[in-house]
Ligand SMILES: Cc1ncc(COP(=O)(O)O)c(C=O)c1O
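Given as structure tokens, the chain that follows is alone and in the form predicted alone.
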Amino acid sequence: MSWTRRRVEPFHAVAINRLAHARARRGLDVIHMEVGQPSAGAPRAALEAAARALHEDRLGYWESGALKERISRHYHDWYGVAVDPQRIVLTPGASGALLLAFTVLLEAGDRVALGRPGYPAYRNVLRALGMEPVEIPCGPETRFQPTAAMIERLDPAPAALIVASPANPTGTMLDRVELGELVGACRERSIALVSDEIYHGITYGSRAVSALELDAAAPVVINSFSKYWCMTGWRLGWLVAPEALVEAMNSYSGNIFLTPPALSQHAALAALDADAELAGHLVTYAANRRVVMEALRGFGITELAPADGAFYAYADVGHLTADSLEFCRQLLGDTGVAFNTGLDFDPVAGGRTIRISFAVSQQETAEAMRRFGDWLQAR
């Protein structure tokens, strides 16, 4: 297969982030709202555990059985679901979990359904592996989420479906009924379900429902320490595999990754008990969400995804531009405020949308909205 056939699109958020850092190197200020990472950093207990490990552990190839057991308890505590620790596969971030899931579940040429707008790495990793993403346009009428009816209409049935709740970039969530219907549609048509639950814990009303609550055996569930636990750069995630796939998942993981980062595993074990500190971050996100959504509506940007969870505002700015990438570049150059183009998440209609990450401080959020408003008024 030629490189051209497997070529994937660039991640525009990374390109904008590079421009933002180049601006900072010139001594100019930047408010980073272009990438999906918490500004708070790892919990204090995680940092302390990592510091101890640096002095006490040789940090060789290692997989923490204690961490798997603690993640298993996390599923019991959060969802009331019993997960055998042996079904938990530790990976280098959720990105590693996605790669592992696609590699084990699917074959080259398989068709995989996913909603659009959605996280770009889904379709890009699938293409890199020689698989075919089948993007389902999802708009405000379904709260930017796929429905069971959409899956039932696909002909032929795809090999797999990827769902994310809360979703990136919209922050929308599937409730228990909606997710249950999708689980049922996948079971009826023998479609593998991959549930990306990386933003669980970051919600502003109802809690997020895990696919394991509705089917404890069949879905592949992916999560990470990057978002709720504020450990993006530590590159540690996991997946919960169906029992029949555990051996294959471990075999592939050992060959592709050897083991996850040892230092990160020590830190993550401590992070899982840092609930009080992490609750404070949720208060900040909720306050920032209010500020951003109210400011955007005040600027006349009223077509917004609901942002039930995660820390993003996804906004239609089609009345302001048809080229949201250039719009974001100009905004960054003129004001130092970095947003991301919707083209990452929707290559068809993303030229009219932007995504704003509000996982920064309350002061930065307020200042960014002030600058954005002034910039819009001056255009």
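Throughout, we count residues from 1 along the sequence that is shown. Quick caveat, the model's predicted, so the values are computed rather than measured.
Keep in mind the form predicted in complex with the ligand is missing from the figure; the text below concerns it.
Residue contact check for residue 95: one or more of its heavy atoms lie within 4.5 Å of the ligand in the predicted bound form. The closest heavy atom approach of residue 195 to the ligand in the predicted bound form falls outside 4.5 Å. The shortest heavy atom separation between residue 170 and the ligand in the predicted bound form exceeds 4.5 Å. Although the partner is absent here, residue 210 sits far enough away that none of its heavy atoms falls within 4.5 Å of the ligand in the predicted bound form. For the options 289, 143, 235, 111, the residue carrying a heavy atom within 4.5 angstroms of the ligand in the predicted bound form is 235. In summary, among the residues 75, 228, 122, 102, the only one with a non-hydrogen atom within 4.5 Å of the ligand in the predicted bound form is 122.
Comparing 130-138, 272-280, 195-203, 82-90 against the ligand in the predicted bound form, the single stretch with non-hydrogen atoms within 4.5 angstroms of it is 195-203. Within 4.5 angstroms of the ligand in the predicted bound form, the stretch 74-88 places no non-hydrogen atom at all.
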